[in-house]
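So this first bit is one chain, no partners, the form predicted alone, shown in structure tokens.
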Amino acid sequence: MRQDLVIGMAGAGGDGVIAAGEALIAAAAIDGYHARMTKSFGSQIRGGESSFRLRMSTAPVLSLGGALDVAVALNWDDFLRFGAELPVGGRTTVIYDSKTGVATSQIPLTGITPAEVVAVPIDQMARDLVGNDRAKNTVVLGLLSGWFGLPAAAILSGLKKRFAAKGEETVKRNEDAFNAGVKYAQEHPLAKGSTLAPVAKTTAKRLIADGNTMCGAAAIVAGCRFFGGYPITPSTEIMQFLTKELFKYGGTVLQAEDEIAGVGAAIGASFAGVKAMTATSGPGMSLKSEMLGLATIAELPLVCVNVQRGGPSTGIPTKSEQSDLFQAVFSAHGDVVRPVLAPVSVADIFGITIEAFNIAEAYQTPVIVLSDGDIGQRKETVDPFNVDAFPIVERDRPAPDELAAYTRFKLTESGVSPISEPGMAGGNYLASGIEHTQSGAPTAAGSVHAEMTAKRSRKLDPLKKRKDLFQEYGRAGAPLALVSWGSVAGIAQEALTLAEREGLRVKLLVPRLLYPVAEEIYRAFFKSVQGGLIVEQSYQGQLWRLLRMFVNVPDGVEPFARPSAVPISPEELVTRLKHIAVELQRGRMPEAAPVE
């Protein structure tokens, strides 16, 4: 039996590919497995190919794994459009619809010999049972259950719920299609198959969620009561969730006429004393940039979520990437420092979103949450957690004695000055995008501009000492290192485990605060390091370059960066780490004395 199973499936629009994946992850959660599922589409407005990739395991899942264990192709043209997103390797069992007319010895996978190739009359089985091909995905679920031991009772339970509204006859037909798949698998056993190990039954409920929904839910918990935005893939689900839920908590959602109006309304709400948020993706961030500058100089709290996608311009809206780091950090005029936070998983974005609100309120600044399409739209099983355990921070409002002679932008040692709101007697002030004195009056005085620039910058200095915004794994004094952020951090964490099994001395740093750069924390981490990788999903290796602006990154630490939707596998990282270790052993660099 295997402890882990990675399944990929592709087909045309209307084949029910995504529905099949969602049925599997729901069944996994019901039966107590850990699972992670990502879905992918072509960039067409309507129709086109779709795929899912799902990893089920008896242990917590940190990444989507490497090559597929099982590849399902309802047709080869659509399957091949996903290329490296659905990598077939030597251990893969390939299942495809015999309707394609392709011989098992002639499948179009150049240079790869899968472990086993099976042609199944999927389309014909669906037509025989239902009268059309709409139950193809259900037949596939039966095949997967029969061949790989996936939880049949949980899948059938999910099918009943899914089709209950369409009547008993529809439910019965899909049950028949599922059972037909199971029967076919039993009558045609795989030559090299093995089933997924069972897990201990548990009564604890496990949540299935995507990152965008978790982000929206966290915003409500943090106290957000206004959202202003404009729909854009892959962030739209945040606004959709809040549209359905925020009014229940006395909040308001404004779908504005464009991105600029959306963020402008959120800034206005913040000025009025309400915790406010906006969300977008790369092209929308470009449009919001000037308004973020307004929030910075007016010292107004604001959370802006950027769910990254492939770019530039409209780029690849349906593919995830980590290429907006430079934009998040630098797309502002003037000497502007604004915090940038990055979640590493669907569960993690809950706490990161709350932390973004806390930082925004505590330091009166816009905060960017740099999520990505993978985290935003993939689904994961999430263990229950205590929502009440997250501290909630409110902005520092002026005391009555301060309102007697209120000075909104008073120069303080911390750089933070109490903020009033409309209707607060004595708290009137001018908030604008122009440089101002401590009272808010416009000024062009260079000395005042210097003071205010320093004030806006130094108030964020404490962030750079927040060790709780960093996760460190592995041996403290290891000479090899991995640094990774966002959705690929789980891949690096798995690579660390594999590398340690192979005897490599490695450690891993996962920053959730990307900017301002926590120089002391990185310096301490790199002290023992002679070689390593900074892992990210971009072409330029943006974090690697950003760190080199502030920290003396060891020469042997190099970027491992790849753009777009070509997954990075843990095995690739281990292979590269071995190569670096060999170079160190050859004496290219003397090994540092362990400090552990």
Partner chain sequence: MQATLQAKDFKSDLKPIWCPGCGDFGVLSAIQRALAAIGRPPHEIAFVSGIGCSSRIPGYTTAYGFNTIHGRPLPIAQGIKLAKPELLVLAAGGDGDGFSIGGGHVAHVVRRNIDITYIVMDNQIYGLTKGQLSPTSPRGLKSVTSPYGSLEGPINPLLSVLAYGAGYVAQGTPADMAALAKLIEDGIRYPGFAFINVQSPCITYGSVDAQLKQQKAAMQDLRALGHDSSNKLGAYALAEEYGTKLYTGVFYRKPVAEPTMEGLAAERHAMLREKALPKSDILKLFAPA
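Keep in mind that this is a model prediction, so the values were computed, not measured. Residue numbers count along the first chain shown, from 1.
Missing here is the form predicted in complex with the partner chain; even so, the following discussion is about that form.
K.L.:
May I ask you to state whether residue 501 is within 4.5 Å of the partner chain in the model of the complex, using heavy atom distances?
P.N.:
Contact with the partner chain, no.
K.L.:
At 4.5 Å between heavy atoms, is residue 167 in contact with the partner chain in the model of the complex?
P.N.:
Looking in the model of the complex, residue contacts with the partner chain do not include residue 167, since no heavy atom lies within 4.5 Å.
K.L.:
With a 4.5 Å heavy atom cut-off, would you call residue 424 a contact of the partner chain in the model of the complex?
P.N.:
Judged by the heavy-atom cut-off of 4.5 Å, residue 424 is in contact with the partner chain in the model of the complex.
K.L.:
Is residue 290 close enough to touch the partner chain in the model of the complex, meaning at least one heavy atom pair within 4.5 Å?
P.N.:
Result yes; residue 290 sits at the interface with the partner chain in the model of the complex.
K.L.:
Determine which one of 177 to 185, 112 to 120, 488 to 496, 265 to 273 lies within 4.5 Å of the partner chain in the model of the complex, judging by heavy atom distances; exactly one does.
P.N.:
One stretch meets the cut-off, namely 265 to 273.
K.L.:
Please state whether all three residues 232, 237 and 450 have a non-hydrogen atom within 4.5 angstroms of the partner chain in the model of the complex.
P.N.:
Answer is no for this spot.
K.L.:
327, 92, 75, 420: which sits within 4.5 Å of the partner chain in the model of the complex by any heavy atom?
P.N.:
Result of the distance check: 420.
K.L.:
Please tell me which of 477, 283, 198, 433 lies within 4.5 Å of the partner chain in the model of the complex, judged by heavy atoms.
P.N.:
Partner contact (heavy atom, 4.5 Å) among the options: 433.
K.L.:
Taking the partner chain in the model of the complex, which residues of 217 to 247 have any heavy atom within 4.5 Å of it?
P.N.:
Stretch hits, in order: 217, 220, 221, 226, 241, 245, 247.
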